[in-house]
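Before any questions on how it binds or moves, here is one chain, the form predicted alone, in structure tokens.
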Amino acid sequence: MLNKTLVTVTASAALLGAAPVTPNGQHYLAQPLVTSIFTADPSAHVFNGKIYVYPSHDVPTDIPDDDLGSEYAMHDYRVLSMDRIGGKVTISPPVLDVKQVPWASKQMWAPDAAYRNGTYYLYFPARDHQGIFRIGVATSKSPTGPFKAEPQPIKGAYSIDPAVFADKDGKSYLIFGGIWGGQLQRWTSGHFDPRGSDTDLKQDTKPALSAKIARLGPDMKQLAEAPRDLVLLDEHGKPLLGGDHDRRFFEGGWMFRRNGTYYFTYSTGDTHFLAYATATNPYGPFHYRGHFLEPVQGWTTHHSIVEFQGKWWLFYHDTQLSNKNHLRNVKVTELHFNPDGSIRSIDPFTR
């Protein structure tokens, strides 16, 4: 049984019923890391010289697709680990289930992880018992868990898609937020508005909603400050507008630092791109630079970026195994930078 033993597969294993080409005849750039379970929203980290990936664990459901993501009914987390890209991938037993989180009711969506002073931290979103997305944290002495959740969500954090950025000065930051089903548009007053819009603010000529960032306290379990907006600026130094769906933030924020430059990467959601912006500090403002992943097969695009063994790697997902929006599979491909620091665009299909 998967919940009692570790399962080892290889990235080149025969796909379990997966088509070798897309429905329209294109070839995939990369193959799923694992095929025995459905995985999505991969947050990759290097701990002790190995790669650990903290994904969502997609599960079958009869819930119809909708704009709020009701069909994403995930309830637990597994951890993927590997010694090298392209090598064996180990799937952990369940490391945390929604039943083990006192404040949560359902929909354990995209998580992230961090390490400090001998403890591993798992950050995760879930709906509370009133249906509001909160962000929780759980701890373990092992990168593969099991994790024990704190009894209450993180005060001051809300919405979805937590991502932790650990800077070289020892400070760590929690980044979070997502519109539409992620409910960020219901928090514009600083408090949850149950009467707010189900999608975005529908204010196309005003600045778009921003992801949030806040420094974490020394215990990594609470915010050390009030969240700030991660503002995205266009080529003229003006905030990206709500109607600019090809460039504005939707969900899935991720931050990393390279050669002194801070990169904020994110999904544009309904236009299905991964985009990025750069700044000179983690608070920004960030200047929009472009897309770096073209649309994949499936509705959502969610990712992480990590440096490992002298190369940079993009972890992402698509729906190759199922061709269903809510049953996804994690993939990885190398990420390349130009001499000026810009990211080369990736086509998830080969011609």
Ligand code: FUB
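Computed from a predicted structure; not experimentally measured. Note that residue numbering begins at 1 and tracks the sequence as displayed.
Although not depicted, the form predicted together with this ligand is the subject of the following passage.
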Exercise. Classify Asp112 as contacting or not contacting this ligand in the model of the complex by the rule of any non-hydrogen atom within 4.5 angstroms, answering yes or no.
Key: no
Quiz item: Does Val89 reach this ligand in the model of the complex if we count a contact as any heavy atom within 4.5 Å?
Solution: no
Quiz item: Taking heavy atoms only, is Thr300 within 4.5 angstroms of this ligand in the model of the complex?
Solution: yes
Practice problem: Indicate whether Tyr158 is a 4.5 Å heavy atom neighbour of this ligand in the model of the complex. | Solution: no
Self-check item: Partner-proximal stretch of 67-75, 142-150, 95-103, 237-245 relative to this ligand in the model of the complex, 4.5 angstroms, heavy atom
Solution: 67-75
Quiz item: Mind checking whether each of Ser56, Glu251 and His317 has a heavy atom within 4.5 Å of this ligand in the model of the complex?
Solution: yes
